[in-house]
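Quick heads-up: it's one chain on its own, the form predicted on its own, in C-alpha cells.
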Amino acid sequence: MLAEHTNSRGIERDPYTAWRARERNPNARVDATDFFLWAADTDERFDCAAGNPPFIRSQRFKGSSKAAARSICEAEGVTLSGLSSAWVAFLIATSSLLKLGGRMAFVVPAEIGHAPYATALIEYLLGSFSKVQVVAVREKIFPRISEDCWLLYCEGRGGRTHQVHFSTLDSFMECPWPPTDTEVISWAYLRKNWRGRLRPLLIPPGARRAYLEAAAHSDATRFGDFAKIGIGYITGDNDFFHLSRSQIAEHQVPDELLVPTVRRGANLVCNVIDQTALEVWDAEDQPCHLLCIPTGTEMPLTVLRYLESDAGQRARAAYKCRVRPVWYSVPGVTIPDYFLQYMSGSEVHLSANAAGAACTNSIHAVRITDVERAQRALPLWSSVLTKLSCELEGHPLGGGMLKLEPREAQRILFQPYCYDWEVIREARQVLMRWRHQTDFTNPTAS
C-alpha cells in the first residue's frame, strides 16, 4: 500500500517488514513501532488511511498496546467489549487520526458481519463518516489462510449517516474505486431485525422478508423458548479423564465411577445416541467413558493408583484441575435431553440422549424446559426453514465450519407454516456457499 503513494506514512511493528517497506518506497516515512502507542501520542493527521490490521484475538491482545488502544477508543466514545479482536480498535484509532473529510479503507475479517462487538464498531463508523461501505467477498482474498476477509471503505470523516452501503463480490479484483452497492440498508432495520448483523444481507431481500414473516407467525417458536442450551463439562485433561474399555480394564476402574460421554460433534451422526451407539464406540475402543468421582467418594486402591500415576500427576498440574477444590472431581457433569453440535460442516446435527450420557464442552447440552412446545417444534428440525435459521443465527468459523454459540442456538427458529420454501431453500444454499460448503441433502425435502 505504501508503494502506491509517493507521500505516505507507515507504521509497522516488525522491524524487518518496516525495512522492506522503506526499500519499496524510499519516499515513505516508515516507523517501526507499536501502532497504538504511536497513535495515542502523535499529533499528525491524515487525508486518507489504508490498512490490513492483524486479527489478534482478545486473549492475545495485552499490555501497554491494549491499554493505549482502550484509551483511544474511549476518547472516541467507544467502550469495547472484552472479547473484541484488535482489528476493531485499529479502525477506531485510525479514524481518530483523519482530518475532516478524510477517508479510509481496510481489509477486515468477515466477522464484521456477525460478531457482537462489530455492532459497536459499525455504530461508531456511522456516527463518524458520511458514507460507510462494507464489501463482502465470497472467494478468499488470501487463499492460504482459513479466515475469510471482507473490505471496509469509509469517507467523509466528521459526517454522519444512518445507512450501510453493502456490496457483494464473488471474487476480489483490483479497481480504482469501491464497487457498486448491492444494497443500501438502514441501520435501524438491521438493529431491529438482525441485531446489527450484516451477514443476512448476503441473501436476497425476498428471502429476508420470508424469514422475518415466518418468525413473526403466531406458531413460530425459538429454541430458547422451550430449552436451555449450554456447553458440557470441562475436564482440564481430556486424555486422562476419558477412558476406553481397554483402559478401564487395565486400571480396574469400577463402573460406578464412570459416565458414558459424547466427546465430539462428529459423534452426532444420527438422531439418537443410544446404547447401540455406545456399544459401537466400545467395540472401537474409543475413550467414551468419563472418570466421574464426586467429592468425598471412597475410592478403591486401583483408582488411587491411577490418580497417582504419571498421567495423573500431569493432569493435576493442568490449570483447570489445580484450581478445583478437588482436582480429580470434574464439575458440571449433567445428563442433557439432547446433544447439539457446537461446530458443524454441511449439516447441524441434533441428537436425543437415550443413553444417559454426558458431553464435553465441545458439544451443546440441551435441557428441555417446556415439553409440550418441544414436542411441537423438534420434529421440524430437518425443515429447510430451521436449517436456514441455523445458518443465519450461527456464524462461519473458517474452513467451511458453522459455529453456534449458546446464545445463537437459542434463537434457532421453528415454524411449520412457511409458504416460500423455494426462496428459503435457495437462501440457505447461498449462505452455505459463502462459508464454502455445498448442500447435498434432498432438494425436494421441505
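All of these numbers come straight from a predicted model, not from anything done at the bench. Quick note: we count residues from 1 along the sequence shown, nothing fancier.
In what follows, reference is made to the form predicted in complex with a small molecule, a form of this protein that is not presented.
The stretch from 415 to 423, 399 to 407, 46 to 54, 382 to 390 that comes within 4.5 Å of the small molecule in the predicted complex, counting heavy atoms only, is 46 to 54. For the residues 436, 22, 13, 9, the 4.5 Å heavy atom test against the small molecule in the predicted complex is passed only by 13.
Contact check for residue 90: a heavy atom falls within 4.5 Å of the small molecule in the predicted complex.
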